[in-house]
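Below: one protein chain in two forms, given as structure tokens, structure 1 then structure 2.
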Structure 1
Amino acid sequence: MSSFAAGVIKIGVQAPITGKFASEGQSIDKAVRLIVKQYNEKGGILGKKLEVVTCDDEGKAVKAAICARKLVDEGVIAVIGSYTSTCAEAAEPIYYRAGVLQTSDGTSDTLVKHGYWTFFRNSSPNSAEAAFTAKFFLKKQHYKRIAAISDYSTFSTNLTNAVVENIKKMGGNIVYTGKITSGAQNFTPILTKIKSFHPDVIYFGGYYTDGGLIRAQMVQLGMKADFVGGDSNDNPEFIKLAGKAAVGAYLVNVPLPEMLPYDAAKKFLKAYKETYHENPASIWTLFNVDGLRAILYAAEQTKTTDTKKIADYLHNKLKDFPGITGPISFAPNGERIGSAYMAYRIGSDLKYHIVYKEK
């Protein structure tokens, strides 16, 4: 199971370096390279230097499969990525068959249901976010008429369906469900239709590239309903796309990078800004970095690049590893244990303000 290359240990990055999720993919790549640089300055691991090999999957499933084959052929022992569940899932079986470790921030519940020992999720699943979102809607906001829309991606569909199911289980009233075509630019036809149902809120379980436009076009249509976006609306581009309409929008996600209380987080964010003169694109960058750090730590502890032994350590022996995003442990199916979702409202200062979190 070892892909130990002579002289170096190769780490793969599979991420959308170009395309509509480029800001997230580029941030993940930069962060991985920063961590690898830090390790190499200390001598690498196991007496070998680390080397990063990046493949641009453009956020597309077909490209993801191509990237997976390329990175396997390059001899990487582990791959960080991808950003989207769709791409992570398309690559999963290829890494599994090759015995290459994969860690992704993808939140689709299906990612851990294949039984691949090579896969580790470094974020929280849609099911945890969905349960939190339903409580926010019904216990905090007391919405009486709820509309929910997604795009056609695996992530968006699964998250939105899970939110709807949780709301129904809690006795909430769903007045409309529908889908948009991601990247369509003009969402006024579906928004006009939704407006006729007089919802208190529109939930959108898709990506910021569409979410920002949906929010802007809601306001243009004079819709009074709130907008609540799922975790992948959490990106600076959301506010740029929505403009002034971003004010008053709600987003559900785990804590923002600057809210993380951990020493590892403060050190990493400081180093990232000093190196790149900007902040990471979002919390997803930090989740991916934590996946890498956990794998490298496991390799050091097991003193091997045998991926089967590293995976066994991650599954059974890694307990509360001090991650940038909090303590890291993995369940036997590769699921990260624990979550800490919050709901934010974008204020007139265009900053996020916490309005709800579970105790």
Structure 2
Amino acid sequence: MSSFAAGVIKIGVQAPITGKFASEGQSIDKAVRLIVKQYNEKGGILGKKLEVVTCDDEGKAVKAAICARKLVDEGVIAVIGSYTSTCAEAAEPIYYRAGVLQTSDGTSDTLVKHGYWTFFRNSSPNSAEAAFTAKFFLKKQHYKRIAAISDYSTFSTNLTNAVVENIKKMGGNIVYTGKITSGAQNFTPILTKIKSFHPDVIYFGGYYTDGGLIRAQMVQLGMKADFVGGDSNDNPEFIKLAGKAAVGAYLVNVPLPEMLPYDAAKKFLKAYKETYHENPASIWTLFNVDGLRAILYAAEQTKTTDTKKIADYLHNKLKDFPGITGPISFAPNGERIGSAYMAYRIGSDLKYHIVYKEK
């Protein structure tokens, strides 16, 4: 362990405080400071007060590496961040070599593939969304005939393929898979073709700009099949594009902060709002501070600031810790187990209604 000031445990925040993602970065910093304040009011942990050290990585990889060195030199035991996968990954090896814990919301799969025991990823990757979607399809909706479409982007193709594979693994019946050209606007030819397969549902793992039109054109073609959209369909514009056809469409995504059903979430959001008179920028803020809460909890349980022991506790002993974003457990590679995904149905009030979530 690196040296730290007597009686103080330092926590680092590496986030884009300025630049394109400034609102997200500032939100993460504010949330971390709020949690730390709450801990300090109760007397800190292990008889010591907590102190936050923030470094602005501006969302740039080079700055991220500089921040990592700076925070290591400051003697932090853990770093929260960064917001982007790029910055989190650039800083990862530096924290690893210094034995400093790191927790990030980055969704890139490469983040957890280095084998660094110091790294913990809190947000759900696409693979978790795919697994959740497959369960929603087969266990909740009992779809017998499933059609899946994506666009040509890496994100959309990978997500949709993962959903299809998960459904097949669970014994589901995929009757059609195909691709649309994003922005083509006219999807009636492919939808007419899909109609001939008589699916119960069409899954679309692409963006809302196409998803809204697909839903509208399905209804226009008299299709009775359900529509389920992946996370990138979750945008107010989806409802505007689909118009009345939006009613009855399903979307799968991690929840909006205000839709989290957990007690920890309600308490945290209330405190955040009281302190800063605004809501956190997004769910990503909450993923980040959940990492912090898990680390502090592990430190209290192990009664040490030895990061090796804390990491060992997080990897092996932490089971369903009540996080703001749902129960937290970690796989050996630092990946969060379980998912916070939920399925929403758009009601006739054009609002989201939770229809399915994992415990």
Partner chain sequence: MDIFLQQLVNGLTIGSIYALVALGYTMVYGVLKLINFAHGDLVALSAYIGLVIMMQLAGALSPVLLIITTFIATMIIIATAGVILERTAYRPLRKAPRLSAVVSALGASLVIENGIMLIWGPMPRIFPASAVPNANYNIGNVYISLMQVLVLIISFVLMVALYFFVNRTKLGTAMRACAIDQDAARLMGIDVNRVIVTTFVIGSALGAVGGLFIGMYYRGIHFNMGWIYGLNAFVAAIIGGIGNIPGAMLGGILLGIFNAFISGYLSSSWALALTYVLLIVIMIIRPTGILGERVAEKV
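Sequence positions of structure 1, starting at 1, serve as the residue numbers. From a predicted model like this one, the values you see are computed outputs, not experimental measurements. Note that the rigid core is defined as the largest set of C-alphas that superpose within 1.5 Å between two forms.
Matching the description of the form predicted on its own is structure 1; structure 2 comes from elsewhere. In the core-superposed comparison between structure 1 and structure 2, the C-alpha atom of residue 113 has shifted by less than 2 angstroms. Relative to the superposed core, residue 255 shifts its CA atom by less than 2 Å between structure 1 and structure 2. For residue 135, a C-alpha deviation of 2 angstroms or more is recorded between structure 1 and structure 2 after rigid-core alignment.
Comparison between structure 1 and structure 2 places the CA of residue 126 3.5 angstrom away from its other position, after core fitting. Core superposition gives residue 231 a CA displacement of 6.3 Å between structure 1 and structure 2.
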